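Take a look at this single chain, the form predicted alone, given in structure tokens.
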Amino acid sequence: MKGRRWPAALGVALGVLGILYLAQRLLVPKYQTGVVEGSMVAEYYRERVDHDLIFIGDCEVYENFSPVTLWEDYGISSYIRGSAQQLPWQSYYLLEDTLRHETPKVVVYNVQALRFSRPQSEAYNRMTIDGMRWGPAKVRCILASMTEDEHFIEYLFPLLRYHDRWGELTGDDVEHLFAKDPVTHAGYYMRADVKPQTGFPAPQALADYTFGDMPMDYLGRMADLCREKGVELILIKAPIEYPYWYDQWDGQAAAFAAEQGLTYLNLIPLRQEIGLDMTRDTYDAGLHLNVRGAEKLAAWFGGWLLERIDLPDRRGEPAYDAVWEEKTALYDAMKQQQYAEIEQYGELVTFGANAVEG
């Protein structure tokens, strides 16, 4: 009798585990509509070719640079490992994770997030961390990012965090139970609509302009890791004027780059040289570029890069051509769909406005 009980008990245990697994898959947010930024980090693992250029950072990279333009104009294979409000320590661990999979020639990090000295919110943490594959980098990223009310076990078993989400479930949760549709193009989030920049509130004086120890420590770790791997690290400030980028912050970024032997490029004063027209090249009054602006910035930045760094032109290499032909077709199709919606309805219908601050 005892021998017969074990298979039955095992079957019950496996059944319970299966139910819990399916419940977890169902209840974890899918980020397929509305707040799609939570899907971005995981999409990187679908890539089929390596990249010579990797961008790391928040919305100032994933909404402002077009990897398809870099490919079409220069044959540069690039990817944006971006996420909403990506904090400096999260950028470091995403870089560490990326370098487990490939070794690019150049990593570009946008410095805007250096203003954050401590973890900010669970919602933003989740949009970066949940999409990472499990490994040492993800574990350390969780530990560095958790707010006081968060618990590591809820990252390990998301069902513990989302068990009460039954009333919020939508068709997306069922449709994308096991597979998600891509929401980016090599990490770039596309918007084709136009809302001109008209002005921003006057900047407020700060009591202290000094970047905190934690963000600067992780920026130093990024520099050390890139040197160890033979990767060129370039620091940039995207050509976006708001949130305000103080001269004192700019000076600290420039000083760090000089001390470390790195290049730092503030793109705000170069908007005219880039060719940006912020009455036409932004979709949200100057907070981010639209696809027209992102293509201009990518075209300019690719030329700037190639004047300084010998990046290979991968066009003509069959594996790269096949992948980027597919990416370009999807990119062009979405762009035309968005333009068609704007012409017909006066606004985007399928691709609603972003729900989060990058």
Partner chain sequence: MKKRALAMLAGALTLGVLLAGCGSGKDAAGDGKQQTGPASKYVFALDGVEVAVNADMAPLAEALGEPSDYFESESCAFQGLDKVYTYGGVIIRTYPQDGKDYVLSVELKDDAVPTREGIYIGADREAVLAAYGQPTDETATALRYVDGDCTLAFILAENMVTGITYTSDAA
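Owing to the predicted nature of the structure, the values given are computational and were not obtained by experimental measurement. Positions refer to the first chain, counted from 1.
There is another form of this protein, the form predicted together with its partner chain, and it is not shown here; the text below is about that form.
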For the chain seen here without its partner, which of 106-114, 232-240, 155-163, 69-77 has a heavy atom within 4.5 Å of its partner chain in the predicted complex?
155-163
Given that the partner is absent here, does Val35 sit within 4.5 Å of its partner chain in the predicted complex, heavy atoms only?
yes
May I ask you to state whether Ala123 is within 4.5 Å of its partner chain in the predicted complex, using heavy atom distances?
yes
Would Val61 show up as a contact with its partner chain in the predicted complex if we use heavy atoms at 4.5 Å?
no
With a cut-off of 4.5 Å between heavy atoms, is Trp89 one of the residues that contacts its partner chain in the predicted complex?
no
Is every one of Met127, Gly199 and Leu287 in contact with its partner chain in the predicted complex, taking contact as a heavy atom within 4.5 Å?
yes
Could you spot which one of Ala84, Ile142, Leu267, Met222 gets a heavy atom to within 4.5 Å of its partner chain in the predicted complex?
Ala84
Taking its partner chain in the predicted complex as the reference, which of His101, Arg118, Arg280, Arg133 has a non-hydrogen atom within 4.5 Å?
Arg118
With its partner chain taken in the predicted complex, which residues across 202-238 come within 4.5 angstroms through any non-hydrogen atom?
Ala202, Pro203, Gln204, Ala205, Leu206, Ala207
